Structure formats: C-alpha cells, structure tokens
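Shown below, as structure tokens, is a lone chain in the form predicted on its own; questions about how it binds or moves come after it.
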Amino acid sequence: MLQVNEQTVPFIKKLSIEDLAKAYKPNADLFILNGFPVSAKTVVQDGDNCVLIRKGAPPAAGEFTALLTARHTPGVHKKIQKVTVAILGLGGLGSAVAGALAKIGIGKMLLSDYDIVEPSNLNRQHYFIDQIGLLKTRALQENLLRMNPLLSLELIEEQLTEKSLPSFFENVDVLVECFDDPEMKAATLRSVLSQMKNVSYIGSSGMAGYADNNTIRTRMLQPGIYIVGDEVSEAGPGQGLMAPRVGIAAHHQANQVLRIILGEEEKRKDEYQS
C-alpha cells in the first residue's frame, strides 16, 4: 500500500510519481517522496509516502482535513474540530493564541477586539505592515484563513463590559483572556465564575521583558480556571512587551486549551477536590 496525500491507496509495481499524479492530483508540480523532493519519473515502492502538491494552491477541504488528522491522530482531531474557543483581546497574546489554534484545526473561534492595527503593535503581534489601520478582527481573520481555510470565525467588534460578556460567550467551551486592561481581566474572571460556570477560563498575568523563560507557567486557580504568566512582570520603562516572552505565554495558553479539550485536566480536578 501507498500513502498519497495522507490517503491509503493500492501499490502497483513499476508505478511512477507521474502515474500517481495523473490519478490523484493531475495539476501537481511538486512531488515529495518519503520527505524528499523527487522527479515525476521516480518509481515508487510498496509502503512509500507520497505528497503531491500544486505550488501556491490550497489543498481541497477533504485533503486538508486528512493532513491534519494524520498529524494529530483521528481521535484527537475529531475532538479538536468540535470545540468553540473565544479569544478576548487580539494583541500579542491573542493573535498568537489564535494562530496556534487555527493551525491545529480548532472548529470555531470567536475573536473579540475593537482596536485597529497600529505600527507599535508590529513588534509582537501577528499582523503585517500592509494591515496597519485595519480592525484587528478583520486583519486576523484574513491571516487565520490563510493558515486554515476550514476555520469557522465569528467577529465581535465592540467594547465588552462585565455585564455583556455572558451574552457573547456563555456557550463557548473555552474562553482565553488576552486583555491588556487589568480591570477587564478582573471583570472577565468574575463573569466566568459567577455567570459562565460551564466555560473553562485561561487568563494571563505577567510576561513583560526578557526574564527567564521558565518563570512563565500555567497555574490552576481551581478546576477549569487557569492563569498563565509569571504573575509579576508588568510592562514599564526598560521592560517592554516583546515577542519572545509574550509568545511563550501565548503558547502556554494555546496548549492549555488543547489539554482541556482532550480531557487532560480531569485528573487535576480530582486532585484539587481531594
């Protein structure tokens, strides 16, 4: 048997890459065999893994899903696809969290922000120079769909309040708080604890500067409620918000989303309650 773009197909003796391309991707112009580029005339062997690519063309929906499923395993990817995640604040944290989740194939994301992309954002936020002046929601939507065209996105482009939060987010699976404003951080946590008790929460606190990587951590406050950061470092003179350390925190948050989805935090709930 052969693997062709992550699909299992029959092996036939003297079959070439060119033959496979005619049968499975007629417009392919780049051929990868067992991880290495080869010519179209290369003859395949039983058990080979072949990837047929049309340069610059997005894969078909079924092919794209198969690629993600193969990387994650079917059981894991099935769970990932069913989940809705809300990201509140699309700055250095939020834009990086969204990118990581898009790449693993999260089913749906709610993106909440009302700011525009400014030049000062570009040192750490996942936007481009030609997106300056665009709403962050629209710019990030464009970027995420280039990463994963199957992603379902909902944009929330208004200033949130503690009172309005449940109306937008009470039905999501996980809420990721990425605000700069301490008052909105506190308001979001209060709202989750009091009115969105079925929603898991991943907040953020302390990631400025360039201190030790390992002081960024994920701490459980109580089952379903987590905080990411060193909980100390604030932005100030000589200690700005910089892409590397903010990125460490963002990927802590994204990985914590994944752990919640896959049930990896259930045993910690039992430990907490005991």
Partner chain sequence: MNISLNGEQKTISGIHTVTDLLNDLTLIPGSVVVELNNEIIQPDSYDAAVLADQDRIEIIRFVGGG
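Numbering follows the first chain given and starts at 1. Keep in mind the model is a prediction, meaning the values are calculated, not measured.
Keep in mind that the form predicted together with the partner chain is missing from the display, and what follows is about it.
Trainee: From the candidate stretches 35-43, 66-74, 232-240, 51-59, select the single one in contact with the partner chain in the predicted complex, where contact means a heavy atom within 4.5 Å.
Mentor: Residues of 232-240 come within 4.5 Å of the partner.
Trainee: Since only the chain is shown here, I'm wondering whether residue 227 would be in contact with the partner chain in the predicted complex (any heavy atom pair within 4.5 Å).
Mentor: Yes, residue 227 sits close enough to the partner chain in the predicted complex that at least one of its heavy atoms falls within 4.5 Å.
Trainee: Does the partner chain get within 4.5 angstroms of any non-hydrogen atom of residue 182 in the predicted complex?
Mentor: Contact check for residue 182: yes, within 4.5 Å of the partner chain in the predicted complex.
Trainee: Even though the partner chain is not shown here, does residue 120 get within 4.5 Å of it in the predicted complex, heavy atoms only?
Mentor: Looking in the predicted complex, residue contacts with the partner chain do not include residue 120, since no heavy atom lies within 4.5 Å.
Trainee: I'd like to know whether residue 127 contacts the partner chain in the predicted complex, with contact meaning heavy atoms within 4.5 angstroms.
Mentor: Outside the cut-off, so no.
Trainee: Pick from 157, 162, 170, 154: which has a non-hydrogen atom within 4.5 Å of the partner chain in the predicted complex?
Mentor: Of the listed residues, the single hit is 162.
Trainee: Can all three of 101, 134 and 137 be found with a heavy atom no more than 4.5 Å from the partner chain in the predicted complex?
Mentor: Checking in the predicted complex: none of 101, 134 and 137 is within 4.5 Å of the partner chain.
Trainee: Scan 164-199 and write down, in order along the chain, each residue with a heavy atom lying within 4.5 Å of the partner chain in the predicted complex.
Mentor: The stretch 164-199, when checked against the partner chain in the predicted complex, contributes 177, 178, 179, 180, 182, 183, 185, 186, 189, 190, 193, 194 at the 4.5 Å heavy-atom cut-off.
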